[in-house]
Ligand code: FJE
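There is one chain below, alone, in structure tokens, taken in the form predicted alone.
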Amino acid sequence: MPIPELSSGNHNNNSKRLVVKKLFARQQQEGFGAVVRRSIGSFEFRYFDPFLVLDEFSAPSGFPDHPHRGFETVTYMLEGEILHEDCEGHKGVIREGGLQWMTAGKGIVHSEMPSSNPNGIITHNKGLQLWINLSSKHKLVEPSYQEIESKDIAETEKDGVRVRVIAGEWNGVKSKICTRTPTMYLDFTLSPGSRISQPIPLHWNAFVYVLQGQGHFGDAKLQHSAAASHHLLVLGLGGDRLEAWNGSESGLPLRFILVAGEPIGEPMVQFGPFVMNTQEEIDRTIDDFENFTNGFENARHWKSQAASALGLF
């Protein structure tokens, strides 16, 4: 589904998307030495159709061998790099500014582990991981990857606004990513005094996550409109655009992601890394994983090299 381009035309006030929920993502420990700030998927905010989890991870962090079924993971590296391996033999490095869009589909076991320098010291990394649900017709597709290096991510700048187009399009600049669940994912950096008016499809759910600086979103008169780093802002329906601006007097840039997606509208049952439509399907998935069947066959004798080298098995 095509994403509308940024429009500079006149709008009435009713077309604004307003912030209806603001959540501060607190730190928690996860995986192997990871410090994670979880917003979507947390106790306070379980599910935002079609979005299952949003993590901001940092420190010399990693996530040893673990399974997935029924959804997609989007890993976007902000700093450093992370090593990826899976039971199907796929290996790669997601470097700073780069992206991996993984469709787990019917099943994959993989690891995401930190890299080390020539002296064996584990390097710092920081990134975002978003889990996007799949509709029932796509839950059991074959696993696949879309990987883009930083230099190949569509990027443009205009009037003090720099945009990296992860998924969808902005001002005629389009991403190379193909999304099974229609999704828009934009990384904005606004210099002081600059603003955006970004169209969002009317019936799509949308949110903002602030990475750096402080800005206003939606309507400056509302209490929830101002937000700083590590805040998730849930945008209400009833509008066709997000207005955001950097009114900082400190001279600092404002950086945030805007993500929107078409709701799937189907029943959702989640058991950790498995997301299906019914409890029966979850039970079957657990059996498949434990018995190495129906998509998990190659996980029977597989251990990731990175996790094994750290003595985690």
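Throughout, we count residues from 1 along the sequence that is shown. A quick note: this is a predicted structure, and the numbers were derived from the prediction, not measured.
Below, we refer to the form predicted in complex with the named molecule, which is not included among the displayed structures.
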Sole residue of Glu262, Glu266, Glu30, Asp288 within 4.5 Å of the named molecule in the predicted bound form, by heavy atom: Glu30
Taking the named molecule in the predicted bound form as the reference, which of Gly41, Pro273, Pro253, Gly247 has a non-hydrogen atom within 4.5 Å? Pro273
Is there any non-hydrogen atom of Phe63 lying within 4.5 Å of the named molecule in the predicted bound form? yes
Does the named molecule come within 4.5 Å of any heavy atom of Phe48 in the predicted bound form? no
Does the named molecule come within 4.5 Å of any heavy atom of Ile82 in the predicted bound form? yes
In the predicted bound form, does Thr103 come within 4.5 Å of the named molecule, counting heavy atoms only? no
Have a look at 158-166, 209-217, 124-132, 189-197 and name the one stretch with heavy atoms inside 4.5 Å of the named molecule in the predicted bound form. 124-132
Since the partner isn't included here, can you check whether the named molecule sits close to all of Glu72, His90 and Glu147 in the predicted bound form (heavy atom within 4.5 Å for each)? no
Residues within 4.5 Å of the named molecule in the predicted bound form, restricted to 44-58 and counted by heavy atom: Asp55, Phe57
